[in-house]
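Considered here are two forms of the same protein chain, supplied as structure tokens in two stand-alone entries, structure 1 and structure 2.
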Structure 1
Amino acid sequence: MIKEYNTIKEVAGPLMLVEQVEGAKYEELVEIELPDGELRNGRVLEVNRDQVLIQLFEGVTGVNVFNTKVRFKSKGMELDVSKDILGRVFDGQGRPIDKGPKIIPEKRLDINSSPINPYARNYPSEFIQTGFSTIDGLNTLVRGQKLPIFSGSGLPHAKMAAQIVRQAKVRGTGEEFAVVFAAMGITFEEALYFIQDFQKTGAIERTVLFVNLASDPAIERITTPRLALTAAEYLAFEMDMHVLVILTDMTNYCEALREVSAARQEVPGRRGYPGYLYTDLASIYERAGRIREKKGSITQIPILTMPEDDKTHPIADLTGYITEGQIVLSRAMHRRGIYPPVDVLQSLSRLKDKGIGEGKTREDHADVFNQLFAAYARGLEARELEVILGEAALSDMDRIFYKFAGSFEKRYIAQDESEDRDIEFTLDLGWELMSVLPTVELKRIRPEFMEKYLPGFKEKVGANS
């Protein structure tokens, strides 16, 4: 029996307080009927004796304290799933919006799944080739990883993400990724950009979209990524698929959380975000991964725009503390016309070490990226000196590294939007660029690899002695 109440005491912001309620459950789903018959959804945020605090997904506009009815649905929020969700578009609450047929549910899944037992996890180690040198060569992505893009407004993160979706593959498997795409508060144009790109490549057939646009209710953004991940878990762990999840934009998600927290008058943490933001984000990001004895996997690429390009902003900061690395985009590089404008030094893939090397990419991979990082860092230092003192003040060695940094950016980092590089190309390119450096400086590379891969190694050694 569903209980109905019309004992609303207060409505404010996205929240509503109902009194004289009996038997309401924490996190229970609630349906609200407005005087004109309009139905809205909400969720129980707190139960205190007979008072229940409800968060309304679609806001409180039009809610009347005296004539609105509240019904408690005795269950949490769920998503209907079946294999037919592929190719479909849903709104931020999981309702189909593409005029397609109703999903005949094979299962109804709670959108807040229980935590994965760390003992049940399988360590991600299968190399995903994205076709980007900066990712494959330096910040290698593996199946089951969560690797966000830290972007800024106006930077080409959408272009990059779409290109990753087009190009991502695990070599030698022929398996294609299913894609789960969750849009939170992005513009219509940006959403359309992704959808059209998916359509062009045919990826749309193996994509599930959850779309909450900038014009859609903000509070709905809190559930959108959870719906998407529920769909992803179903596809990965019950349908054995490898799923790539794109979540964009996490900044809008966090803002919705902040709005609710502020309305509840909670003690704010840094910059007004709630103190539990870390825990909350973890409940999303940690849903990526692999599970022992299961075939599928969930790889997450969350996108966030850093307010004021500030990496220490709580959204970026807490994300970086949870995810397994980050790809940081740089406005300065973007201005210089470099695509993808990846700030290589600030970027990181924490799982690369087990995804590269012999049998995965190539035996020399680890040495090459260590050396490229070191050399590029040194080149950037030389560039700093050059800016202050002029090129003439650089020592011969500094000048070599200074030049190296330039060609590294132009040739290694920069690539075309349609350029899908394989890992051998990327590694060989690294060697070619390093060949201008004196071998004494290649401390991070084992001599046997130099001999095998460094162009012109024999002549160089000859010249030295």
Structure 2
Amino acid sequence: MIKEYNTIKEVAGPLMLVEQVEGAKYEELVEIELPDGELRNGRVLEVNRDQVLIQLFEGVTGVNVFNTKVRFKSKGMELDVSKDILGRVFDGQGRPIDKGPKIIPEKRLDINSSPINPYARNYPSEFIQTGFSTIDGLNTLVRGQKLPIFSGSGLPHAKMAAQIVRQAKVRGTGEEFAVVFAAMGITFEEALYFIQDFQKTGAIERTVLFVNLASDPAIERITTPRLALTAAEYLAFEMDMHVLVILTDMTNYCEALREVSAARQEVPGRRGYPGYLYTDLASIYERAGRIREKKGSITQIPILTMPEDDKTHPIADLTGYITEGQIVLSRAMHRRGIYPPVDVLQSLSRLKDKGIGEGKTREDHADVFNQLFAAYARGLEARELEVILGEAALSDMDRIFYKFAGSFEKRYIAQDESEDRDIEFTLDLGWELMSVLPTVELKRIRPEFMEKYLPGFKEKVGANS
């Protein structure tokens, strides 16, 4: 039953206080009718006896406290879902904005779903191929994982996100794969870039887009990722699809949380963010995973821009605690023209070992990863030594690893925006790069794998003997 009130006491920022309200519930949807008949939406943010604090989606401009009507809808915010949502573009309230037909729902789902019960979870164990060597080869993404990208202002995370949408696939399953893409607080140009890119490449056919522009209300930025995850849960756990969810930019989401928290006059935490930031982020990230006896899965790639490239910033810091690793983008590599500018030594996928090996990628994957990582680290040490002491101070072995580091960045890390590498190409490229190193330095690779995959191995062994 819809209840109507005309008892607005106060309006401040995006918030409205209504008195003498009976039976209001937290997160309940509210409809506001202005004196001129315009309708706006809001939701209940706080209930204190008969006083209710309402958060407005479209702002409070034009609201008259005496002649504005407030209606409580007795339900939370819901998303209309069916398989027809694939290929569609929605705003931060779940309304179609692509001039397509209205969604005829099979279900209406509350967007505030609970995180997956840990007891019901199935362990992530299947490889997802993104087409990026730095991710597939060194920081492998596993189905059901949460693997964020830590970026910075001006770095090409948007370009990487669009490329992952185009290229991502679960190999060898034959099961349907979908992408849910949520953009929060982006510019109109960025939104147009994503939509046109997906349409041009055909990726739009398996993608659901939720777009909240920088000019849209901040409150929409708080609902956008929850709408996206509700759509993902429907596709994954009711339509049995593998779903990759990309959330960009989580920094804009957290800024919206801080703005609303300040309007509510809450006691601020670190750098002005609300004290419940960790809990709020966890309520989003923990909706990824696999469920026992369900075919589908949700894999998350949240993207956040670190203010001042600071990894200790609360958003990056808390995200790192909740998720299973991170892909870190390097401003120094970006300035040198390397795309994607992934900082290999600072990046990590904590579940990579569960998604690689025989039957998933290839038997030599773990050994190749370990050796490439070690050789590149040694090459960077030689590069630092050369900067400090000069090239003459380098030993012959230092020079070999110095050159290896340069080749590794130019050929393995760097790749074209349209280049979709399969895992076999990535592994073979790793072996090719390692072939310049003396076999005695390949200490992390088993001899049988060197004999099978290392170019020129028999000639090297013959020369040494």
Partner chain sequence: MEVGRIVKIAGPLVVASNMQNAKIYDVVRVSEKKLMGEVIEMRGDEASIQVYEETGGLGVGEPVYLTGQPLSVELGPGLIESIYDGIQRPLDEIRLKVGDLITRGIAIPGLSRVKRWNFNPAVQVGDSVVEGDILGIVDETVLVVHRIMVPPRINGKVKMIERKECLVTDTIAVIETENGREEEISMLTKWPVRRPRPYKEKLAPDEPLSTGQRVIDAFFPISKGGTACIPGPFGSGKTVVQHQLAKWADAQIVVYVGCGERGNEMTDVLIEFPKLKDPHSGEPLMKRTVLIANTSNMPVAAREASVYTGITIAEYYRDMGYSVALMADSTSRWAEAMREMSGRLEEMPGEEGYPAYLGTRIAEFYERAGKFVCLGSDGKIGALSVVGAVSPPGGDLSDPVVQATLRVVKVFWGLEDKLAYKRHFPAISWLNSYSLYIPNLTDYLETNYGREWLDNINRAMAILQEEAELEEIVRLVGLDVLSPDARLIMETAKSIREDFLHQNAFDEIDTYSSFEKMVKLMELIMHFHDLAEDALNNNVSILDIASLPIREDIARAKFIPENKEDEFEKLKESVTKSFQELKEKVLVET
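As the structure is a prediction and not an experimental result, all values here were calculated from the model. Between two forms, the rigid core is the largest collection of C-alphas that superpose within 1.5 Å. The first residue in the sequence of structure 1 is number 1, and each one after it adds one.
The form predicted together with its partner chain corresponds to structure 1; structure 2 is the other form.
With the core held fixed, Asp84 shows a CA shift below 2 Å between structures 1 and 2. For Ile423, a C-alpha deviation of 2 angstroms or more is recorded between structures 1 and 2 after rigid-core alignment.
Thr207 shows a C-alpha shift below 2 Å between structures 1 and 2 [criterion: core-superposed Cα displacement of 2 Å]. The two forms line up on their rigid core, and Ala366 then has its Cα shifted by 2.6 Å between structures 1 and 2.
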